[in-house]
Each structure stands twice: as C-alpha cells, then as structure tokens.
Ligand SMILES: Cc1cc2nc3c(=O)[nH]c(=O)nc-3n(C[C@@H](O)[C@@H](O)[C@H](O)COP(=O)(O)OP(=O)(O)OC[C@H]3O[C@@H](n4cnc5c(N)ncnc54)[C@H](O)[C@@H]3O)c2cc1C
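So this first bit is one chain, no partners, the form predicted on its own, shown in structure tokens.
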Amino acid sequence: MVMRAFDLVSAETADQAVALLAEHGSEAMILAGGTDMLVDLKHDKHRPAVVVDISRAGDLKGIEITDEGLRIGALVTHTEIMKSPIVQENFPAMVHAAHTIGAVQTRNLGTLGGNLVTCVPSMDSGPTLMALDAEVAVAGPDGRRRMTLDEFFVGPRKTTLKENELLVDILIPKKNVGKPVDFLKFGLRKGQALALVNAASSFWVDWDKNAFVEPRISLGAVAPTVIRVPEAEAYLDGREITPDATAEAARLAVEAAKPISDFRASAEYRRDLIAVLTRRTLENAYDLAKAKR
C-alpha cells in the first residue's frame, strides 16, 4: 500500500499543537513517538493531510514531583520511565510495566501518552496507572480538563479526546506517591508479546490491624478497555490481609471481567489467568509494603 503524501508541521508547545489541530480539524494527526502512527498511516482508511509533530514540545516532557503529585509528561518515553530515579524509588511496578512494552527500539521512541491514547485493551501502561488513581490532563481550544483514566478510556482504540484536543500529562495524586503497587503480565512469550491478561494491585496497610486500606485492582486485555474492579476493592477495604481474602478478591475480579476467546487464548484460560495474576499482584504489593515499612 502506498502512503499518501501529507504536510508536516511542528509544534514546540502544547498550545501551538492545539492551535494547529483546531486549524486543520479532522485532516490532522498527531505525531509523537510514531510507533503506532506509522502503522496507521500505512493501513488506516483515515490518512491525514497534515501531521502535527509534537516531539519537540518541551512542556509535554519531564518526570517530576509537584505539589499535586507525580507528573509525567505525555511525551515521556517508556525508556525514560525505566531510567527515572523518581519512578524507580516510588513505583518499581511502572518500571516493570514499561520494560514489557515491545522491543528496546519501541521503548526508546514510544511515549506514555501515545500508549494511553492508542487505547488498546491489552496496553501494559494502563493497569498500574489505573491502580494508582492516575489522572490525565487534556488541552483543547476551550482550555484544559482533567479526568481519571477510567473516564478517559471509552472503548477499544477510543478515548474521550476530541479531534482538536491533546493529552498533556499524567498525574499520580500526591496521596498515592509511594503507594505499594505491583504489575504482572502474561503473554505467549517473554518478550515483544501482547498480554493475554495483565493486572495491577495497590493498597496501603493498616499495620495495627494488618488490613487493606484503599485497595485498587486493575485488569487489562479482559474487557473493551483497561478496567478497575470495584467489587473486589470494596470487599478488601478494611479487611485483614489473609490468603483467603486475596483468593476471594481474585474470584470477584474474574466475575467482573469479560474476556473473549480468540486465536491466542480461550476466555476460560483468561479467567484462570485473571485469578492467578490478581492474587499474585496483591501478594507482591503486600511484600513490597512490608519491605518499605
């Protein structure tokens, strides 16, 4: 298939990018790392007349602790996440999740924002962020708005982004900085594999009662989008941390999911994986909490 010619324009700030998107409307497409977009250009029916390159937009980069929490610019690459001392100290699960994404070349170019905007149900960055109540900031002609990830995700490859809007950054709220969290992925091979199921769990511990506090469980590749499991979270909150409690949470996670059968795995096999990964991420998060204590 021959790639259609297009104009390339560059934006050095988020506001410039929004202005260009507003100017060109549905004819425009954003270029960040390009790992997904180049595939779309070759195969998608929608082929843009204008590509807006945001890779030099400095205000879309950086990893920093702010008064609001841990801010990660939309243009931060998976390799930058892996190498960040801030992320390594506070969220080693994010480092692990980033390491499971594609090959080293993909991690060097691919951005966290792009991974979220592409919005495939099996994305590896989504579950850990969702388990940490992460929010995203979206810029458009009418200003900026912030929402949680479960509000941002709408369906397979569909978010709440309008055609003239841009994902600016990701924020893990201050109250969750350092919260014990674990991520696990199961694929058909160890590297460069789509997840059959991935999962993340986080919680604080009430050490006087040895109980779950503010538990969060998130799953990928088991529904049209990455999902939270509020039924399991409500069951665990305030409950003593025991093997029986984690097993019941895993059962509730299986009930909440809607896995499908395809050429890679059956729905039944995925349900077994959901139970195993949920239980293990809860156990691993508890081990992390004890190590930090």
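One rule holds for the numbers: they count along the sequence shown, beginning at 1. Note that this is a predicted model, so its numbers are computed, not measured.
Omitted from view is the form predicted in complex with this ligand, to which the following refers.
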Look up in the predicted bound form whether Thr225 has a non-hydrogen atom within 4.5 angstroms of this ligand, and give yes or no. no
Taking any heavy atom pair closer than or equal to 4.5 Å as contact, tell me whether Val50 reaches this ligand in the predicted bound form. no
With a 4.5 Å heavy atom cut-off, would you call Gly69 a contact of this ligand in the predicted bound form? no
Taking this ligand as it sits in the predicted bound form, is Ser218 in contact with it (heavy atom to heavy atom, 4.5 Å or less)? no
Pick from Leu194, Val205, Val177, Val95: which has a non-hydrogen atom within 4.5 Å of this ligand in the predicted bound form? Leu194
Under a 4.5 angstroms heavy atom criterion, identify the one residue in Ala265, Val254, Ile241, Met37 near this ligand in the predicted bound form. Met37
Tell me the stretch among 128-136, 108-116, 208-216, 86-94 that has any heavy atom within 4.5 angstroms of this ligand in the predicted bound form. 108-116
Using a 4.5 Å heavy atom cut-off, are Ile30, Gly102 and Lys185 all in contact with this ligand in the predicted bound form? yes
Stretch 152-185: residues contacting this ligand in the predicted bound form, 4.5 Å heavy atom cut-off: Leu161, Glu165, Leu166, Leu167, Lys185
